[in-house]
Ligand code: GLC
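Shown next as C-alpha cells: one chain only, the form predicted alone.
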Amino acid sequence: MKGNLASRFGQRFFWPFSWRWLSRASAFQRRMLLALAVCLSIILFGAIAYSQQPITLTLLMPALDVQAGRSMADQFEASNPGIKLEIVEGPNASNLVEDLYTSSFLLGDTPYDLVLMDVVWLPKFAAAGWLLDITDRVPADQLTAFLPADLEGGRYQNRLYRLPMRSDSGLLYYRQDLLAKAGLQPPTTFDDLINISKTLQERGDVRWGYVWQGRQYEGLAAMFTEVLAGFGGFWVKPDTLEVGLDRPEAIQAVNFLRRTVQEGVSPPGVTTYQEEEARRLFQSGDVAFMRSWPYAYPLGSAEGSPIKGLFSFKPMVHAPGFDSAGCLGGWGLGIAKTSRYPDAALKVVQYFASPEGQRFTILENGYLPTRPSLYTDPLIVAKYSYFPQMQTVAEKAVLRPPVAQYAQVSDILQRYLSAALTDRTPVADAMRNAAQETRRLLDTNES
C-alpha cells in the first residue's frame, strides 16, 4: 500500500521532469530537485506513519480501582491494538472523583474521553449535556442481556448515556447459626426483624439485634430508600417529580428505624454508623442482623473472621403486602460529549460492560455483575459460591431518584432524616419539612 501510494505521488509531482530535461539541467538544479524529492518523501511517509499511531483515550478512576482498571486496559488493548487506554488515578473518595469530573466539564475542555460514573451521578451529568447520547449507537438486542435496574441507571429521560459494568445492592445479613439454634427462620417483615432480634438478645446469643447506617451521609439516603420502598412508599417520582417524603409510608419507615433504637434492638450509636462501623460490629459476632452491601460477604468469610461460615444474606425485609427492595449502587461507563474519538471510546465502553470484561473484574475483585448470566458462570461460581444467591438480591434493586438535582435532593433528606432519628425534630415535622424543601427545589428547577 505504501509503495503504491508513493508511486502515485511520484507520478503526479515528478512526471513533468523528464529524463531529457534532467540531462540538460545544471548540477545545481538536479541537487535542488533531489532535495525537494527527499523533503516531500519525508512528509509523505511521516503522514502515513502518524495516521497509523494508536488513538489514546483517557479515563479517570478512583485510586482504589486503578490497578484493576489498568489490568482491564491491558486486556482491551491486546485485542484493540489501534487504541491505547490511559488510566488517570483520582482520589479514593468517590465524591472527590465526581468533583474532578464536574470541574473538568465546567472548564469546557475536559481531558477525559471516557466517564466512569456512580449510578447517582448519571442524571446530573446527562442533564448538563456533558455525556454523549449512545441510545442509537448500541443495538437494542445487546441491552436485553443486562439486569433491568442496572440498565435503567444508565438512562436519563429515556435516553441511554452509560452502560453498566458493576452492580451493587443493599441486602440483609443474618447469623444463620443463631437462628438455627433458636429454631427460627430468617425474618421476612420489619416486625419479624425486631421480634427475632429481641428473642436472640433475651437468649443471650447476641448483645445487639440489628445494625444499619444512620450517620448523615449518602449511605443514610441509600438505606432509607430500601425501608421506604419496603413500606410501599416513594421518595421522588422522576416522571412527575411528585415528592412522597411526607406521606404515611415515609412516616412509617422513619418510625421503624427509630423503633430499633428505642427498643434496644440497635445500639444508641447506630445513628453515627457508616458501613464499616456496622460491619465491624457484626463481624465481631455480637450482632444478629446487618444491613449492608455485598462487599461485606468476603470480609466476613475471610480466614480469622469470628463469623466465618456462620452467616448468610437475603433480600431486605418489608411490610406485609409489599416487596423487598435493595438500593441500587454500582458503576458504569459513558463517553464525554467532547471526545474526539467517540467510536473508539464506544469500543471501550462495550468491552468493559461485556461478559468478558465483567468476568475479568469479577474474578479479580469479586464485584457484582450487571449481566444475569454471570451470576451462574462456572468460572465465577467456582471462586464465589454465593453468587447465584446474590442474583436474587440484585434483581430486587431499586434506584434512588434519577433527577438532575439528586445531590441537593439527597442532602435535604439526609438533614431532616438525621434530625428525626436523633430526636432533634419530631418525625412528622421533619418529613414535612423535607418534602416541602424538596418540592421547592424541584419546582425552582422546573420553572
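Quick caveat, the model's predicted, so the values are computed rather than measured. Numbering starts at 1 and runs along the sequence shown. We call the rigid core whatever largest set of C-alpha positions still superposes within 1.5 Å between the two forms.
Unshown form predicted together with the named molecule; subsequent notes refer to it.
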Using a 4.5 Å heavy atom cut-off, state whether Arg175 contacts the named molecule in the predicted bound form. no
Heavy atom of Trp293 within 4.5 Å of the named molecule in the predicted bound form: yes
So in the predicted bound form, does any heavy atom of Tyr341 sit within 4.5 Å of the named molecule? no
I'd like to know whether Gly219 contacts the named molecule in the predicted bound form, with contact meaning heavy atoms within 4.5 angstroms. yes
Mind telling me which stretch in 164-172, 249-257, 180-188, 143-151 gets its heavy atoms within 4.5 Å of the named molecule in the predicted bound form? 164-172
Which one of Gln283, Thr110, Gln75, Ser94 is close to the named molecule in the predicted bound form, taking close to mean a heavy atom within 4.5 Å? Ser94
In the predicted bound form, the one of Asp377, Glu277, Asp205, Asp118 near the named molecule [non-hydrogen atom within 4.5 angstroms]: Asp118
Any residue of 309-339 that, in the predicted bound form, places a heavy atom within 4.5 Å of the named molecule: Gly329, Gly330, Trp331
Taking the rigid core as the reference frame, tell me whether Gln274 has a CA displacement of 2 angstroms or more between the shown form and the other one. no
If the two forms are fitted on the core, does Tyr210 show a Cα displacement reaching 2 angstroms between the shown form and the other one? no
